[in-house]
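One chain comes next, on its own, written as structure tokens: the form predicted on its own.
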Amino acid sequence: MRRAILAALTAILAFGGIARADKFPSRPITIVVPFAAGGPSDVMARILAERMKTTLGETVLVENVTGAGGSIGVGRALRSPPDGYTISFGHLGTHVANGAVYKLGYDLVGDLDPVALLPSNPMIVVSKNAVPAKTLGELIAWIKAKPAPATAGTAGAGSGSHIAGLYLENITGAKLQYVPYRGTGPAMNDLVAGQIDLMVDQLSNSINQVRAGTIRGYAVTDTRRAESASDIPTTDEAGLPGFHMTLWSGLWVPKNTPKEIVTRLNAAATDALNDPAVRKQLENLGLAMPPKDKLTPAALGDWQKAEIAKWWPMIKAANVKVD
């Protein structure tokens, strides 16, 4: 008798979960972007949100929650109810590096469920126009010759721009003084104004300024030239072989979000990435689409774990810590 009652209760709870998932969504969904408005993460999220609402039949909003290299925004999303109405947008910095930099109070793998891998961005080495260097080799020589370290803008400790800067130091032996911002959008404003010397930035955030001539671009951190910046050499071509880094992005939801809801959100993101108009917008920003076999939640989860294994040792060796 007891077993029968337990079985009945389990069935009722399971049916209730399915019913809730079937009704999803019934109100607006929020994507929490952990950086300032106007930066590359914000732009990508808004392009996706606009198209995802077509599949989901509900408005998809973007909320910018800044601070602490994106860890505040991730925490805000992670602590929301696991009902699919709050999505965490993030990337290599927020969902990998921050675990090695901050005392987070949450587990980036254990407390989040992956939804979908999003387009990736090679980085680009850029400087203010007042820097005399015209090539990447000249820039590195200029940095090394400076009496005081060159100032490099970042989106905070552990952000993609910070990791890329550490990687550059690691490969070249140059030393940088990092200037943290609430996102690379504000950092770009100061670079254009000449308040900082350089950045290793997402291509999508820098390419329009490079094209406009307000900053100088030296090389992209990929093995091949970007279609949107075919005149800019790769780091291999520019004399810094092996300096490769791609800043990938993704979507996550709080742990224990019903699988049916995760599947709906994944379908909405995948539909957006397969839309020719959306693809064109994202590719014009210098973004590369993920392979079709990498668009599943499981693929994002596996990739996140592999990136943790790759980058945490370097970050910890650099003793990057923020309490």
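Values in this document were obtained by computation on a predicted structure and should not be read as measured data. Throughout, we count residues from 1 along the sequence that is shown.
Absent from the display: the form predicted together with ligand MLT. The rest refers to it.
Contact with ligand MLT in the predicted bound form, judged by any heavy atom within 4.5 Å, is made by just one of S206, S88, S161, S71: S161. Within 4.5 Å of ligand MLT in the predicted bound form, a heavy atom is found for none of V96, W252 and Q304.
Figure note: of the listed segments 285 to 293, 53 to 61, 258 to 266, 33 to 41, the one touching ligand MLT in the predicted bound form, with heavy atoms no more than 4.5 Å away, is 33 to 41.
Put simply, P180 is far from ligand MLT in the predicted bound form: not one heavy atom of it is within 4.5 Å.
Among heavy atoms of P233, none comes within 4.5 Å of ligand MLT in the predicted bound form. Contact annotation: P82 falls outside 4.5 Å of ligand MLT in the predicted bound form, judged by heavy atom distances. Not displayed here, ligand MLT is kept clear of P149 by more than 4.5 Å at the level of heavy atoms in the predicted bound form.
With contact defined as any non-hydrogen atom lying within 4.5 angstroms of ligand MLT in the predicted bound form, the contacting residues in 170 to 200 are G183, T184, G185, given in sequence order.
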